[in-house]
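Coming up is one lone chain in structure tokens, specifically the form predicted alone.
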């Protein structure tokens, strides 16, 4: 890509970084060194986990948010504000309930100062194009979710943008409605009826990305950056059951479930200088989801091993729902995820086969060994004469590496896991961790 002339690209993102200042004079880095090029005639998908900065990148490309550093070029010129040739479709429809379908669609044309008669003609064309002819005078409350999203799409298309940005446009819809709208959109694109040159879409669905896109950019998290780029060369319409299609979906699952080996937790608590230094982010999940997944994997038809794409389809789970559960089991050494599969380990099978108290014992050993934050809190509580410690200290240290909201959610997850394993408890009123008499005997 880098050897092509700038004029060939609609968008170039160069060394883009986005960070936000925090109270402790450090920065929370959302995007780091992001580079991408987007040319005319292609649909490009951004795949990644929640919090990887994909939606932030869309706002930067649209000109709504300036990057902390780096630059965005729009048609070869530096972008310094909203670009007139870019339109966006949001997840939440974002329609004005007091306006009719036609009035909602015409909003962008009004902002451009388009003459009234031309507004009406262009709006009617856009409404007909996306299959809502006859609903011009209807109000959003009279429409289904899928129809409201079609109105949002028509509003974006009516200005004939060069680039259409789509931020999880189908995620708020039911499965059948999303499939119908997705199919119609691709049909219009293939038939060259969409008045756009290129589409950039954020999605959490791997199958959706492979069904729609010509090229996929896979994001890592914390901070977000492009770690893989894949071309999708299948002709439209694409067949989900085609072996090559399934192979690519499996490959993407493999890339997105790969993680670096986490170093073992030291036995000597003094060797961990702070919670933040010894902490590896954990999936924010309650115990029942992990237990339910382990039991599902152990039962027929999986018998301990499942193909992740097929498991996701069977359980009707999206990437952001399924992978955190698998990662939590992997963190505890209850399961392994590799090559697009999830496999229960011997320890995971032992956990499923055990009675409640034995399960607690196995889980207790797993979290103490593999979750540094729980280990650190327990060590502090053991050292204190009253076996109590303020949660604020741990919350502050976590905020050195994550947002305040994520730090609070992390501690909430930690509290649930620790209570289940009877490692320590939490007093919400005093905002303190503590050991009760039974917990003091656990090592």
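As the structure is a prediction and not an experimental result, all values here were calculated from the model. Positions refer to the first chain, counted from 1.
The form predicted in complex with adenosine-5'-diphosphate is left out here; the points below concern that form.
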task = Determine whether any heavy atom of residue 55 comes within 4.5 Å of a heavy atom of adenosine-5'-diphosphate in the predicted complex, and answer yes or no.
result = yes
ask   = So in the predicted complex, does residue 60 come within 4.5 Å of adenosine-5'-diphosphate, heavy atom to heavy atom?
value = no
task = Mark residue 49 yes when one of its heavy atoms lies within 4.5 Å of a heavy atom of adenosine-5'-diphosphate in the predicted complex, and no otherwise.
result = yes
task = Spell out, yes or no, whether the shortest heavy atom distance between residue 376 and adenosine-5'-diphosphate in the predicted complex is within 4.5 Å.
result = no
remark   = The one residue among 44, 418, 30, 34 placing a heavy atom within 4.5 Å of adenosine-5'-diphosphate in the predicted complex is 30
